[in-house]
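The chain below stands alone, shown as structure tokens; this is the form predicted on its own.
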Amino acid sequence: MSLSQSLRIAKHEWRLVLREPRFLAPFLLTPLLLIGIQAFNLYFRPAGSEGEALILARSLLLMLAALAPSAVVPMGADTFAGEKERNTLEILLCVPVETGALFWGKVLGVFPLPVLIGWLGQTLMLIMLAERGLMMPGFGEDAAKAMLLTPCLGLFLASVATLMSLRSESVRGAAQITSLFMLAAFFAVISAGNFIFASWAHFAVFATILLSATVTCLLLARARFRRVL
């Protein structure tokens, strides 16, 4: 499989998304809302302890890690189901690239942008905390865990969306099923927040489970893609 071919397919997908910036607007609302809550808490909140501010900030960082990758859902649902609906799948398979490169290019086409949105929002939150002098010792580790969790969740949702897109006949069907996985992932992350932040060993356990599920979905999607050929 050629990496350059995969990147060429991925760049084509990125251009299609960026060509319609209105498509991204709904998925920017949640990060902007969470950043707004952070700003209000830091600049306009009633007097409170630094510990309370950091607890809220940690929760918001974790929520952003779970919610920012939600843009993967419609983008990933369109990868192959959209080609079926537009009757362009046969044309796509005739593109002079290796089939493996085509598959991975489609996956890479939906993965980076939501992760970058999440990282940008988390970085802005950390800048606000630093500006207010609230970056207390130990909080940097919690922030690093939340930021590392963002691409893990983004890749998981990308793998699920690709699998559902291959198994569904419509973009709507693929998006609906993937949305259920997104909600399950969100509640799992929020429920396991204390476990994730307890130590790096606990974080590694959670990340390993998530990455194992990701690899399983990617293998199933790759096998499904071979049957489509």
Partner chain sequence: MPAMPIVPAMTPPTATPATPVIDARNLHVTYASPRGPVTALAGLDWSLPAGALFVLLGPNGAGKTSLMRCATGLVKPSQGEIRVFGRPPPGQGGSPRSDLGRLGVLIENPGVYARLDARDYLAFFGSFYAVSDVQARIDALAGELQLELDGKPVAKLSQGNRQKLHLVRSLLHRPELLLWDEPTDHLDPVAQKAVLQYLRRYLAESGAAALVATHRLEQMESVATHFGFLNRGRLQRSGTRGEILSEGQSRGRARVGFASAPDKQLLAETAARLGIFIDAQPAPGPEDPVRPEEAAAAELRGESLEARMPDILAAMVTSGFRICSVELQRAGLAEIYERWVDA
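Worth saying up front: this structure is predicted, and the values here are computed from it rather than measured. Positions refer to the first chain, counted from 1.
We do not show the form predicted together with the partner chain, though everything after this point is about it.
Trainee: Just to confirm, with a 4.5 Å cut-off on non-hydrogen atoms, which of 134, 116, 92, 127 contacts the partner chain in the model of the complex?
Mentor: Of 134, 116, 92, 127, the residue with a heavy atom within 4.5 Å of the partner chain in the model of the complex is 92.
Trainee: If contact means any heavy atom within 4.5 Å, which of 67-75, 95-103, 146-154, 116-124 contacts the partner chain in the model of the complex?
Mentor: Answer to the contact question: 95-103.
Trainee: For residue 16, is any heavy atom within 4.5 Å of the partner chain in the model of the complex, or not?
Mentor: Answer yes; at least one heavy atom of residue 16 falls within 4.5 Å of the partner chain in the model of the complex.
Trainee: Is there a non-hydrogen atom of residue 217 within 4.5 angstroms of a non-hydrogen atom of the partner chain in the model of the complex?
Mentor: Residue-level check for residue 217: no, no contact with the partner chain.
Trainee: In the model of the complex, does residue 142 have a heavy atom within 4.5 Å of the partner chain?
Mentor: Residue 142 lies outside the contact set for the partner chain.
Trainee: Find out whether any non-hydrogen atom of residue 8 is located within 4.5 angstroms of the partner chain in the model of the complex, and reply yes or no.
Mentor: Yes - in the model of the complex, heavy atoms of residue 8 and the partner chain come within 4.5 Å of each other.
Trainee: For the stretch 69-90, return the residues whose heavy atoms include at least one within 4.5 Å of the partner chain in the model of the complex, in the order they occur.
Mentor: Heavy-atom contacts to the partner chain in the model of the complex: 83, 86, 87, 88, 90.
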